[in-house]
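What follows is a single chain, given as structure tokens, in the form predicted alone.
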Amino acid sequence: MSPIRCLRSRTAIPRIRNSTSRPRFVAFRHSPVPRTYATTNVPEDIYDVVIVGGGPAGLSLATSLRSSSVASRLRVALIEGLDLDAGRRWKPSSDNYSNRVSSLTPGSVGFLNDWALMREDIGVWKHVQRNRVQAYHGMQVWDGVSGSRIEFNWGAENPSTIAYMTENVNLVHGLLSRLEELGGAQPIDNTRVEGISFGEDHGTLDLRTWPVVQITGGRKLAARLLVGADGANSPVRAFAGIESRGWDYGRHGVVATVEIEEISGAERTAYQRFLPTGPIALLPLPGNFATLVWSTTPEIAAQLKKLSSVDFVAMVNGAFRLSHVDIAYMAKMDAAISEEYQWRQSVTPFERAGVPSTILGVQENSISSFPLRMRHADSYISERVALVGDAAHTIHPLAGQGLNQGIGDVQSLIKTLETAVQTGQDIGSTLSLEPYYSGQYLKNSMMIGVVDKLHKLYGTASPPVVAVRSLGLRAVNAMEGLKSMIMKQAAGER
């Protein structure tokens, strides 16, 4: 399909036929009148970009498109199956935190707060409730079998933030607020995608190469570019025929919001211990709260969810203080775990400065679990289709990089689309989208591979493996330059 240039959007529009003459191409000159397809008798609504998925990745893309001085004239629609009003009207309680929490690197926050490419403020971060965001400046990671550890801390001379902990709903609220402030994009929520197919040749308008999304109620949206931000089971990816490969870990992630002992000082630290059944992490939230992420076997996960709050707290405190043998024993108990923990803790030596504050309680109804898996799509693009976030890749949560990878996808895709608009390319062609794929795929693949290998390396109590990994951990901990490089990479510094 040959492109028709329109200086208002600088992208290709569908081929339009004149019934009384041979097909021809017309170059449209700039006009203050917004582009319209009202003269074409077709059943589809025509959009430059249709985003399927209204989570953080999809909303970040929609907001970035509306914020860009280059791409803001593109017509954008966002389709979400859930009710977005819940995010708009979010009014949290000061003593209650969601268990769906993400770790945002300074690089990700910088993108949301400052348009690094165009030096324009997209204004998302100012809509996020900052009193519910917790920065942390240090991280303690240790082997649950040998006790070898590595300490990440920028130090007093460079008090940089390693990451920011925020509830997903807080970020969604900020994105929706900014999107509403900008205007122009059309969020369509409470709506299911019932099918995706190619369009038809309507005589005056040829949409045979355009994806057409049919949603609840029979409405159809034709997309110059269809973006899948619709999760691991992406219908957009299925429509594009892109395979996603990987495996299940045979582990479940148990999450909960917990209350901890009062912490002195402004700086906070994150803690992660690698047990043979999977890592357990405690990440700080504002006040005396923290979020728990415990990767473990499905059997232990099911048992944890059945426990009373007192026994659950004892299990979590034990997971940071007792030997992996003691933890495995307690995980088989149905009751009286608190008493068992008190006795075992009293006879087990541990370094108090190297473990998190004692957990005092667990927030009601905050304990839940989900299966852990790794998936990576063969490609992030096809003709008129791009994938971002979990639609393109899923990663083990031990490094807290899932949402950061999704935001990285959005940042790269926006740069690619701006280039296409500026140079008059068709934003949906694979040629235009290739820089996004080539820029992100290797980067994400490397991160996924490193995290996958860490999970496997620490998922065993075999003495030879424990000896080698402990030696490596101690060696890295002694190399300040290497640790600084690792922290900069993890923080998303370019």
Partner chain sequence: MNPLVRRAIRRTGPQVKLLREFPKVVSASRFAPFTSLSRPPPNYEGHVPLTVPERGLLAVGSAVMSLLNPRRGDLIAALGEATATPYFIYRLRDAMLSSPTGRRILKDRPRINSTTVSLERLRSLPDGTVGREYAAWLDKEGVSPDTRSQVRYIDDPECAYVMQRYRECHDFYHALTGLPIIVEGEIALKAFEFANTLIPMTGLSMFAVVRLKPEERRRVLTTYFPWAIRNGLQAKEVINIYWEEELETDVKELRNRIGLERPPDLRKIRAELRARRRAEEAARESAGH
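Residue numbers count along the first chain shown, from 1. The shown structure was predicted, so the numbers you read here are calculated from the model rather than taken from an experiment.
This protein has a second form, the form predicted in complex with the partner chain, left out of what is shown; the following refers to that one.
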Counting only non-hydrogen atoms and a 4.5 angstroms cut-off, does Gln345 reach the partner chain in the predicted bound form? yes
Could you tell me if Tyr329 has a non-hydrogen atom within 4.5 Å of the partner chain in the predicted bound form? yes
Decide whether Glu340 counts as a contact residue for the partner chain in the predicted bound form under a heavy atom distance cut-off of 4.5 Å. yes
Using the partner position in the predicted bound form, report whether Arg245 sits within 4.5 Å of the partner chain, counting heavy atoms only. no
Heavy atom within 4.5 Å of the partner chain in the predicted bound form - the one residue of Arg352, Lys306, Arg192, Arg89 that qualifies: Arg352
Note which of Thr209, Ser146, Ser98, Asn288 lies within 4.5 Å of the partner chain in the predicted bound form, where distance is taken over heavy atoms; exactly one does. Ser146
Exactly one listed stretch (135-143, 195-203, 320-328, 361-369) reaches within 4.5 angstroms of the partner chain in the predicted bound form by non-hydrogen atoms, and it is 320-328
